[in-house]
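Both blocks below hold the same protein chain, though in two forms, and each is given as structure tokens: structure 1 and structure 2.
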Structure 1
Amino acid sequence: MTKTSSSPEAILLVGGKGTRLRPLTMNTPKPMVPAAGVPFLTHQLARARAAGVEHIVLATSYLAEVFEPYFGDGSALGLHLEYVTEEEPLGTGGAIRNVASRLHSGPDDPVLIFNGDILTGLDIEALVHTHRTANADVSLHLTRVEDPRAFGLVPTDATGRVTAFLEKPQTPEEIVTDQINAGAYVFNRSVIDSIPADRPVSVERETFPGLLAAGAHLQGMVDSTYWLDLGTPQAFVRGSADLVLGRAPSPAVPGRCGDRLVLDTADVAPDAKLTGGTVVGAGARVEPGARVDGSTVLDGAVVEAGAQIRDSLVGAGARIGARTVLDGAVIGDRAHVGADNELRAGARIWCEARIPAGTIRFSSDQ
């Protein structure tokens, strides 16, 4: 597939960090856990294609073997996909350098780079346009957050040019901006080729500060549309719900946006109530009187009569007993939570575990 100057190619970094769902989802990498009915990675690939990208190299590490059998050559999505697997962990910069030989770009051509753990409404074409018009070496998507203490800060001058990369602030005086690195970039191909090969490299701690010190032009584009780091199971459930609700845009959602997404062959009782972007997977069953809000019920799971589920993930083939309450819980594949239990505040139930009826209660006696 021939790349044109108006359609840059891209690198997608997947399967590295963010595997905290692993023990609860049959050891499947998080980008393959269904979000709004399809593997999360599908949303990123579809958004890139909608922005004109045609060639994407997946830089994979953790359980990389699951991606190629599912996505193949990418033709079903209108893409040309290639895969490069790290033999040893290389960090963000090392992973980018590791796939350089698969790129078709010339030295001055832009290459998009995405982090596989980020759900965003970023205007991809605007980021590429900003990079080109600023004549930058690297351009970064920046977003603003209310509390930047958990993030590295990226201050910019009046023209948007990056002036520094600051570690996580420890005191109020160190919070000089609310702008953070949002995990999407445009690199000139020549910058990718300058990253050291065959060793771990962090773009955040080594590549970007080194470029800045050498006088390179790093441009920031603040886009404060939807942005969510899917680093925890709760964030993943939230992201799936936001895709269904239409808060996070994606052309890959298999249906119209709304309060619920019920996939084919799912069985939902007429008086069951599904709200808040809930997803019910193929072959799953939600029985009479159940209430499911802002949650993901994966394929083949059963939610029995009168159960109440909120902001939770119910794994494939799991069963939630009658009148059981889940709030912010993650239930592993094929686990069975018996009737009249109450799991709250980040409870995690391992795959295939069995919780007898009336065993756990989290509510107060007040």
Structure 2
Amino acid sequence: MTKTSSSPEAILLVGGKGTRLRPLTMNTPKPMVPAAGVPFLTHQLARARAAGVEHIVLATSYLAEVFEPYFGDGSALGLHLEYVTEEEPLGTGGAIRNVASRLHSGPDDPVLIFNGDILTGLDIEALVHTHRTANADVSLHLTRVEDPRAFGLVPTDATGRVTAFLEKPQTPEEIVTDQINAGAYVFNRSVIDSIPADRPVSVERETFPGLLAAGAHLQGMVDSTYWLDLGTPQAFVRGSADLVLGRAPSPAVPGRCGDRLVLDTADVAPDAKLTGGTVVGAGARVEPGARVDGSTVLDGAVVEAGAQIRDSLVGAGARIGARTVLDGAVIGDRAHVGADNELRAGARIWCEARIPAGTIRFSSDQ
């Protein structure tokens, strides 16, 4: 296969350990949970395609068997997709090295690498351009966040060259910048081949610090486009709503952007109120007088009359009883929450659980 310099290949990292969404969506790995009506991964694949990428290798480990039946060879998205499954999770660097044999790129060609849980408006072509202009070994998309502790800190000099990489800083002294690794890279192919094979390697804790110590050129590209790590259910709900609202750009949102996205076979009562980027999945039902704001109601779920739902995820086939209030809650697949309950502030209902009517109230006792 030939490959032009204007269309780099990409690796998408979608493995690793289970996620916090896992007990709530049973056998669906996070990249396959629908965001704005399609498996989240579709947005990343479609954005890469729109930036000219044609060949993408998915590096998977956890629940790998669900990706290929859905995305197949990628032709529906105009892509050529390949899948590589690790027997044991190899870490981010190990996963990258493990798919090297599937790349067609030459040693000096740029290869894009994406964390599989990021929703962003990153200008992918600009990152490749930065990489070429700087003549870097690796280039990283960086973003600024208020609290960088859950991320990889990446200070740069005045020219954007990376001076250190500090993954998940532990002490206040380590917090030297608010610039973090946004989880999108360009690697020269030869750098990928230099990662040790057949053992777990963390690109954040081993590869980047090692390259810096050896004098390699790591270039950072800071920008302020939309960026969200979907690592928590709350972030996932936010991301889905932002896709629907058009704040997070994706060519894969089915339908026009707006206040709501109601999939074809959903049944929404005329006086139900759907706002704030709410998604109602296929075959789901929202009954009269219900209000759903900034939330994701997955396929086949039922929201009964007068229920009020905000910033919440209602799993596939779940049922929310009449007048029940959800705010910042996550309801697992096929769980039933009876009428007249109130679940707020991070409440999590496991898959298939049953909460009888009138059982839970939330009160600050003020």
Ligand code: GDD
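Every residue number counts along structure 1's sequence, beginning with 1. Predicted, not measured: the structure shown is a model, and the values here were computed from it. Throughout, rigid core stands for the largest set of C-alpha atoms superposing within 1.5 Å between the two forms.
Structure 2 is taken from the form predicted together with the ligand, while structure 1 is not. Core-aligned CA deviation for Ala197 between structure 1 and structure 2: less than 2 Å. Annotation for Phe114: C-alpha shift under 2 angstroms between structure 1 and structure 2, rigid core superposed. Phe71 is not among the residues whose C-alpha shifts by 2 Å or more between structure 1 and structure 2 once the rigid core is aligned; its shift stays under 2 Å. Structural comparison between structure 1 and structure 2 after rigid-core fitting shows the C-alpha of Phe151 displaced 2.8 Å.
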